[in-house]
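Presented below, as structure tokens, is a lone chain in the form predicted on its own.
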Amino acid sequence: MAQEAIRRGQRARAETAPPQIRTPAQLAWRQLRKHPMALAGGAVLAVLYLVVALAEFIAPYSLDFADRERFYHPPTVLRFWDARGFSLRPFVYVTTLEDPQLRTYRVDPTRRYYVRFFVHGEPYRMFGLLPGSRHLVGVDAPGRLFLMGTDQSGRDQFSRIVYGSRVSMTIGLLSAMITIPLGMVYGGVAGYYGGRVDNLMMRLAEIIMSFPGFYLLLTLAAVLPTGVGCTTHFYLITFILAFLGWAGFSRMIRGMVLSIKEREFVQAARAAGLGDFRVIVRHILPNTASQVIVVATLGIPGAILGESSLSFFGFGVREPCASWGNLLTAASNLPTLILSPWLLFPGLFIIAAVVAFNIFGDGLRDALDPRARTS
């Protein structure tokens, strides 16, 4: 009887308790958790950006490492057993080039080289500051651990993909950091003032949008100076991608501002004597934040594909720097690709990143849309 009375009291308190107030961020997170595909896409992106941050530690070899005796080496086979029995620790064998024409390698099974974690390897500086020599995984010399094979110069594909992620995954973020503020201010001013100002500004944006994007991208990239370093070339490519993206984004912001500027809180800000710039920046543009986040999430894949396309055709990031696009250049030759299909691995990373961004962006769009929320 006492327990029944306690349960009745708990139910009564639950019924009379005030409803829990959730912030917009909490509501969005609750809705996002109902999209397992979006969460999976976000998890993939988190892993990729973790690789970007810890590239020196994760890569078994440095960006410039090359084993000239093992060009076009196939991915290393991780073994758990051989003639001597089973091993809980994976191991590899040393290989020797047997036929340079067919690119076949002879395996020497006389000695095991065990795969070890947190091994000492080539020295590096994490984030350009912290010295270190530990790598996540590796094997003792003369064994080699080529998880995704090697290229025509004997460079480890996996290590170069890891380092290349810094260019391919970062260029979209940097492009968005330029496109979004420029497009928001430009579209906000055009939508707020309307009339001739709106017509003039939108005609300029439409002129930029009327150019074929990819061909304009190739043209602008082709006229870049060739004598600059990899870092300078990277920033120039980022600027070109941002230049092509801000016009369409500003037109979307302009349409939103046209509807927001007629709402009561904007009229109240005007009546209070606030200046036009302050009204735009503090009262109108913040109300476009949810759409801006979604557009940024869905726009970053376009920048990744743009950089990859430029680098693939030789107009983007060039050697000795690595990006997923210029790593794919080695797979542009069909006979080479037939003998060395592992050269397509960078393309799989491009596909994974683009699909993850799109899936995550779709889920984020639904989560930030109050009309799509369910109880």
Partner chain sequence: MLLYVIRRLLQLIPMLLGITLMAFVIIKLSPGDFLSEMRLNPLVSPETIERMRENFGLNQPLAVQYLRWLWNAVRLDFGYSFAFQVPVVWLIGSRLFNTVLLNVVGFAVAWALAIPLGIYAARRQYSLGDNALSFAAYLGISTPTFFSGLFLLFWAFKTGWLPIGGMTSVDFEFLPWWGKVLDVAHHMVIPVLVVGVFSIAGLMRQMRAALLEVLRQDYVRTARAKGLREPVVINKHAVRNAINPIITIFGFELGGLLGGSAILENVVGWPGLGKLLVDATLQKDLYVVMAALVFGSVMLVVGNLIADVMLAFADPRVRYD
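Positions refer to the first chain, counted from 1. Model, not experiment: these values are computed from the prediction.
Only in words, not in the display: the form predicted in complex with its partner chain, which the text now covers.
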Although the partner isn't part of this model, could you tell me whether residue 132 comes within 4.5 Å of its partner chain in the predicted complex, counting any heavy atom of the residue?
no
Can you tell me if residue 57 lies within 4.5 angstroms of its partner chain in the predicted complex, counting non-hydrogen atoms only?
no
Is there a heavy atom of residue 27 no more than 4.5 Å from a heavy atom of its partner chain in the predicted complex?
no
Classify residue 219 as contacting or not contacting its partner chain in the predicted complex by the rule of any non-hydrogen atom within 4.5 angstroms, answering yes or no.
yes
Interface segment, criterion being heavy atoms within 4.5 Å of its partner chain in the predicted complex, picked from 287 to 295, 116 to 124, 198 to 206, 269 to 277:
198 to 206
Looking in the predicted complex, is its partner chain within 4.5 Å of a heavy atom from each of 328, 347 and 355?
yes
Residues from 229 to 257 in contact with its partner chain (non-hydrogen atom within 4.5 Å) in the predicted complex:
243
